[in-house]
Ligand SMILES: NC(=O)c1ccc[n+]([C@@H]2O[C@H](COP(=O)([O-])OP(=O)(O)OC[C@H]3O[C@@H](n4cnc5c(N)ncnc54)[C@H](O)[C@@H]3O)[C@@H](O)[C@H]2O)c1
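A single chain comes next, written as structure tokens; it is the form predicted alone.
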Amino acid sequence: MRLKDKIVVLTGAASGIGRATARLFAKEGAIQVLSDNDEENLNETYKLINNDAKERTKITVVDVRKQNEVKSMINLAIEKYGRIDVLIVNAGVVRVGDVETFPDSDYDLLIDVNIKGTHYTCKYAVPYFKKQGYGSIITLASVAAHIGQTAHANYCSTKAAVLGYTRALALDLAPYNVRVNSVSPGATDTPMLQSDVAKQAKDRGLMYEEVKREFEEEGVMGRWATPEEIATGILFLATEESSYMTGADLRLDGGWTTR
């Protein structure tokens, strides 16, 4: 077990990449604090974790837009376990549309969850990482942090911000032996991408499968990733196998950015 008795805090655990990561880390022996603002699906994630790992798993409902809730989540981990070995900042949302008609409320949501939520999660954990003098922080950027996508200007801007935040934080925490890296998934078969494709299909008057094929063809492998494939990359960054990596971005994009 590569994470036996490691204390892991994971946001956005209710579905997709977060759920796949929670299940993989449970199998690898981690002690986890899992959070999401979707209580129903967070409970479903807990049910899907192996029975022998349930006693090593705690769930808590957290909206990463709310500083007090994020702070309580971090404090829960510290009060119960005394430390955090791995912090996975996974909570995120997507909204798409042309810039001239993009609702301010949607942009506010993207900024509040993807940028501020990332910041709040790190903000309240960093003092403990500095004090203990080790650890790994993993943020979720996106292929959208590296390329432009039609009708994604607002979303791309927030994921590019996550990438910049991660690199700068890696410099700040290097003297404390804390590594900070990001993962940039490409098209991954999650509820978030499915909703993105459905919205684009509706807006463009196309069938869902037509838009899905466009996404599949962006990479060179001709398919979407599974959430489990992304989770294995997150696992790599959480373990000593990546001990000489910090300030790096792990692109799991099916070759999208090689074109």
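All figures in this text were calculated on a predicted structure; none of them were measured in a lab. Throughout, we count residues from 1 along the sequence that is shown.
The following text describes the form predicted in complex with this ligand, which does not appear among the structures shown.
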28, 86 and 137 each touching this ligand in the predicted complex (heavy atom, 4.5 Å) = no
Here the chain appears without its partner; judged in the predicted complex, the stretch of 137 to 145, 122 to 130, 75 to 83, 163 to 171 with heavy atoms within 4.5 Å of this ligand is 137 to 145
Using 4.5 Å between non-hydrogen atoms, is residue 93 touching this ligand in the predicted complex?
yes
ask   = So, in the predicted complex, is residue 192 in contact with this ligand at a 4.5 angstroms heavy atom limit?
value = yes
Does any heavy atom of residue 159 come within 4.5 Å of a heavy atom of this ligand in the predicted complex? yes
### Message
in the predicted complex, is there a heavy atom of this ligand that lies within 4.5 Å of any heavy atom of residue 113, even though the partner is absent here?
### Response
yes
Residues in 1 to 34 that come within 4.5 Å of this ligand in the predicted complex by at least one heavy atom, in order, are 12, 14, 15, 16, 17, 18
